[in-house]
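First, one chain by itself: the form predicted alone, in structure tokens.
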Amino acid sequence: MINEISIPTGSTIQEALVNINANTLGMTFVVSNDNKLIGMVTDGDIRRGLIDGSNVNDEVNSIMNTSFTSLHIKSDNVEILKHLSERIRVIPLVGDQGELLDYASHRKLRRVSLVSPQFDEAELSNVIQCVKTGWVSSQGKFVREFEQQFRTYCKRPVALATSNGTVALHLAIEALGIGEGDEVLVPDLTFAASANSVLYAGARPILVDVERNSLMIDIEKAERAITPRTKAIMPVHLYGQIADMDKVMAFAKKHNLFVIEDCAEALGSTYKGQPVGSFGDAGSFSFFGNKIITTGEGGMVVFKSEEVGEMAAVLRDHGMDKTKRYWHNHIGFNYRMTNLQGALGTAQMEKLEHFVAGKRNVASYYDEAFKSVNEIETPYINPDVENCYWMYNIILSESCKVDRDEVMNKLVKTGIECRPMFYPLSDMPVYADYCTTDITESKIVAARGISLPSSPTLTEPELDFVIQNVRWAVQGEEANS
């Protein structure tokens, strides 16, 4: 890439013009034979040089600028944005020996990550304790402490730590006795783990469309999907939003269904002041590296019934009898969490409120910036919900003339990490047979939705950079002029 934006010392002005024309930066870097940055040349420098009598065959060194601002390659985005201005639009990024390695501009930072885990000395201290004591597998104290934190948080009698969020869901389904021939209502717009966990148990996920505003399972459409085989409904609290749990619970009571909350993306969110996971018969959480709190991989499942929770505990541990070691009464699973993961989790859980507050601040900043942009729909705000905003999503409105993928490509080229919202499961051949009702809204949202950087540690300059480039991407060049 460097040779696309630079020319070797001794090159002609003509060669500099060719490079500038090709790289679209409006300038090029001049480097020595060992790639050390020695100068910069803009199209303005060349124009002034030619007016002053230079020839296109003259060496570019005669007109290059040797008084320029450069930064070390390890400079963070805050430092870069501090130096960019109307006058300085491109900053070369150099190595320890002054070698040219990259560049930054108003349209390209080092990288604004979608979301990043946040660790400090608390996590490190816990992990070191595991290593020093030798308690690194599933029997250590941190797993038990982590489970107690969730029992307290969700006000549930049973919380079981698991190896990941998907198996937490599967464990809930198995412990509730859902299996062959049964059906579970699952929203069509969700990550595949929601449906996969049902299939693991031998049951069938029945895909139901979502509401346009909330993106939560549509209860009216769920009514049309009910059959005598329906045993449960799985509200997925997507991207931090929460389903209307009053409607969900009333629906479940009417049809005598279990409620299994998929809370993988909503730890920290509340509905009418009550935390996710505290409504249904079971609630599952994920601690993957991009979640609100993380243990690298890992999950948690909570239960309303102690009896069901006890069965889940047996199934989680190979189906082994709790009073007779190595005696197996059930065909179980190895779904346990390690003490190393628990060590991270207990420290992370202590910071949950801090993480969520940061997420909400980021969402509020985006909301204010995008409220006047006709091409963008910001996340729906339900007055009954305190959203943790695990991921901040925008949906391109019908007035937006730019394709979703084109918008994302523009953002990625500027150094802004983004991703599409989930595809409808019903669009995928492996799940198509589980769709029995009309799917409309899921398809619209999936085709237009984009997840933006949502780390709670994003600074205002970084957020401004994202906002500026999103506006440019959806509106055109004038948005960033």
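Each residue number is its position in the shown sequence, starting from 1. Worth saying up front: this structure is predicted, and the values here are computed from it rather than measured.
Below, we refer to the form predicted in complex with a small molecule, which is not included among the displayed structures.
Peer 1: Looking at 86-94, 353-361, 260-268, 391-399, which stretch has residues with any non-hydrogen atom within 4.5 Å of the small molecule in the predicted complex?
Peer 2: It is 260-268 that comes within 4.5 Å of the partner.
Peer 1: Hey, in the predicted complex, is residue 291 touching the small molecule, heavy atoms inside 4.5 Å?
Peer 2: The answer is yes: residue 291 has a heavy atom within 4.5 Å of the small molecule.
Peer 1: Would residue 191 show up as a contact with the small molecule in the predicted complex if we use heavy atoms at 4.5 Å?
Peer 2: Contact check for residue 191: yes, within 4.5 Å of the small molecule in the predicted complex.
Peer 1: Looking at the partner-bound form in the predicted complex, is residue 283 within 4.5 Å of the small molecule by any heavy atom?
Peer 2: Residue 283: no contact with the small molecule in the predicted complex.
Peer 1: Since only the chain is shown here, I'm wondering whether residue 169 would be in contact with the small molecule in the predicted complex (any heavy atom pair within 4.5 Å).
Peer 2: Because a heavy atom of residue 169 falls inside 4.5 Å of the small molecule in the predicted complex, the answer is yes.
Peer 1: In the predicted complex, which of the listed residues (164, 230, 149, 278) lies with a heavy atom within 4.5 Å of the small molecule?
Peer 2: By the 4.5 Å criterion, the partner-contacting residue is 164.
Peer 1: Scan 143, 208, 175, 236 and let me know which has any heavy atom within 4.5 Å of the small molecule in the predicted complex.
Peer 2: None of the others qualify; the residue that does is 236.
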